[in-house]
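Quick heads-up: it's one chain on its own, the form predicted alone, in structure tokens.
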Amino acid sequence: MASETEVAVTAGADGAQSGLVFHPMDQFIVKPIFGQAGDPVFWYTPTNVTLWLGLSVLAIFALLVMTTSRRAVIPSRGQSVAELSYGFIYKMVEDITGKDGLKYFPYIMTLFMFIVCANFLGLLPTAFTPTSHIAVTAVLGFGVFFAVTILGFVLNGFKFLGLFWVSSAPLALRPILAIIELISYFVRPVSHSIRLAGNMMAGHAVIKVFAAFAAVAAVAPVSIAAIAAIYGLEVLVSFIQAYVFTILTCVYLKDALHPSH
């Protein structure tokens, strides 16, 4: 979420109010933690992105390690959430990839927890949402793409190319379908990353727009109600996007484990 919304009322020549000026995309600007806004940002510069990425990691540690360090028969709330998250992802991996995919469960669990924690932390006032930046989601998306592709060739050799050859289709259509499958395969990391970043950015931008209109007395009640409704929707979207990213990762992993159609 962005910091306090900036609303400027411009005045005409006669002093009458003529419009609103606000900047809903300012909340996505990468800024250095130390220094002033507008200072150059290098690859080693600590920024607001760095800060909230680190806080996301700390949130995962607190949820999965600290709450379960003293496991009890009657679990605490934190332990219950950790156990439910573990069981939820474990069942997803098993159902989609089969028993063969369970050895890759730690990687998939890490992806889900990082995305869901980053998404939820971004809903806090004055927070920054790392997953609204394509630079972050692209690392996650292309990481899955390269990991699955390398794994497919390591486990299956050139048989992995059977993923693109639809043997159940008529022979005349197979070359055309192979081209379509190949294009679809290489589009995966792009759609994987853009979907997450786009959804997180869009919701936060819409909230910022309504927050700007909340300063206008005539529409303030409607604007506040809209903010509350969209915020509730964003809570749901934050979880759903982490779920979608994870389940697609499982589907891609299944293709690497069992590439033949």
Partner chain sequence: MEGELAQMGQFIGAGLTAFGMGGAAIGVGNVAGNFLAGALRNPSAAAGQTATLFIGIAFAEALGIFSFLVALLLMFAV
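All of these numbers come straight from a predicted model, not from anything done at the bench. Residue numbers count along the first chain shown, from 1.
What follows is about the form predicted in complex with its partner chain, which we do not show.
Contacting member of A220, A229, V235, I194, with respect to its partner chain in the predicted complex [4.5 Å, heavy atom]: Of A220, A229, V235, I194, the residue with a heavy atom within 4.5 Å of its partner chain in the predicted complex is I194.
Its partner chain contact in the predicted complex: M201, any heavy atom under 4.5 Å: Result yes; M201 sits at the interface with its partner chain in the predicted complex.
Any non-hydrogen atom of L163 within 4.5 angstroms of its partner chain in the predicted complex: No.
4.5 Å heavy atom contact, L177 and its partner chain in the predicted complex: Although its partner chain is absent here, L177 would stay clear of it in the predicted complex, with no heavy atoms inside 4.5 Å.
Exercise: L151 in contact with its partner chain in the predicted complex, heavy atom 4.5 Å: Flag for L151 set to no.
Non-hydrogen atom within 4.5 Å of its partner chain in the predicted complex for each of L121, L123 and V216: Answer is no for this spot.
Sequence-ordered list of residues in 237-251 near its partner chain in the predicted complex, where near means a heavy atom within 4.5 Å: Those in contact are I240, Q241, Y243, V244, I247, L248, V251.
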